[in-house]
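Only one chain is included here, represented as C-alpha cells and corresponding to the form predicted on its own.
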C-alpha cells in the first residue's frame, strides 16, 4: 500500500533544495541551505591561530556552535554540535593548518524536519566558500520508518514526530576517499559512509533499506552541491527540485 504524505511527495522523494553561498559578508565563508520548510545558515571563521584546550596542537581544531531559532541551547543542540564536529573533522584536511581553530556557527532559521542533515550540508558549503581544504564533499540526508514499516525519505517535522525511528546519514561524494587503501573490492563501492545517527529502534534489514534509499538521494545531492559550488557568491541561488 502506497503511503500518502501531507505534501504529496512519494516515499522516496526529497523536498526541493536551495543553496546560496556568500550570504554573510563578515564571515570568512558562509552558506544558506533550504530544504522544504527547513532553512539553516552556516558561517565559517578562521582558521585562527591557536587550538582549543585539550586539542592536538599539530592539527587544526574544528569548533561548532549551534544557535537555535529561539531560546537557549539544550541537550539536542549539544548533540547536534558533537555530530557535526565529528563529521566535519572527518572531511577536513586538519594537518594543512596545524595549531589553528576554525569555528563554524550554525544558525537555525526554521525547522521543518531533517534539521541536522540540512546543517551539515550548509556547513560543508560554507567551508568550501571559506577556502578550507577538504578531503571531499559530504552529502547528508534523513530517512525515517513509520509504524506501518514504510520508509520515508527526507521527512517533514510532523512526519518525524509520528515516526517509529529515523536515521541521519552522511555520505562522501567520493566513496573511495574514505576507505583504507586496498580495501575497495569489486561491487563494494557502496560501502562508503561518514556518519550514521539513529533515533528510535529499527531492525537491521530496515536500517540497510534506509541506507540504500539514503545513498541514492545523497548521490543526487552530491551532484547538486558540486554544481552549486561552481557558482560565485552573489549569483542567483541554485535550486534543485
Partner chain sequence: MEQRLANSLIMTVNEKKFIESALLSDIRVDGRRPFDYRNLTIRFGSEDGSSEVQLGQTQVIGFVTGQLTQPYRDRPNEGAFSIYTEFSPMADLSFEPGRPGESAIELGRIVDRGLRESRAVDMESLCVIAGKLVWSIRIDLHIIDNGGNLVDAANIAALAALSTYRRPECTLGGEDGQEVIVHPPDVREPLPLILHHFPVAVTFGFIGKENTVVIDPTHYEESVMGGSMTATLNTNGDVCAIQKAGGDGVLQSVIMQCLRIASVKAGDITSKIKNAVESYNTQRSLKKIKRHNPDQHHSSDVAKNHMERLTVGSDQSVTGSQFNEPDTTNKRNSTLKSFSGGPASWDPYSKGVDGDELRTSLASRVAPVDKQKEESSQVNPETKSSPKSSDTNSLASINKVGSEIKQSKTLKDAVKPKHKRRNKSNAK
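Positions refer to the first chain, counted from 1. Computed from a predicted model, the values in this text were never measured in an experiment.
A second form of this protein, the form predicted together with its partner chain, is not displayed here; the remarks below concern that form.
**Student:** How about residue 71: is it within 4.5 Å of its partner chain in the predicted complex, going by heavy atoms?
**Tutor:** Residue-level check for residue 71: yes, a contact with its partner chain.
**Student:** With the partner left out here, check for me: in the predicted complex, does some heavy atom of residue 203 sit within 4.5 Å of its partner chain?
**Tutor:** No, residue 203 sits far enough from its partner chain in the predicted complex that none of its heavy atoms falls within 4.5 Å.
**Student:** I'd like to check something about residue 27: if you look in the predicted complex, is any of its heavy atoms closer than or equal to 4.5 Å to a heavy atom of its partner chain?
**Tutor:** Answer yes; at least one heavy atom of residue 27 falls within 4.5 Å of its partner chain in the predicted complex.
**Student:** Check residue 48 for me: does it contact its partner chain in the predicted complex (non-hydrogen atoms, 4.5 angstroms)?
**Tutor:** It does: once its partner chain is placed as it appears in the predicted complex, residue 48 has a heavy atom within 4.5 Å of it.
**Student:** Between its partner chain and 54, 80 and 169, in the predicted complex, does every residue show a non-hydrogen atom at 4.5 Å or closer?
**Tutor:** Result no, not one residue of the spot touches its partner chain.
**Student:** Which one, 115-123, 82-90, 142-150, 101-109, holds residues whose non-hydrogen atoms are within 4.5 Å of its partner chain in the predicted complex?
**Tutor:** Stretch 101-109 is the one.
**Student:** Using a 4.5 Å cut-off on heavy atoms, what residues in 195-223 are near its partner chain in the predicted complex?
**Tutor:** Those in contact are 213, 216, 217, 220.
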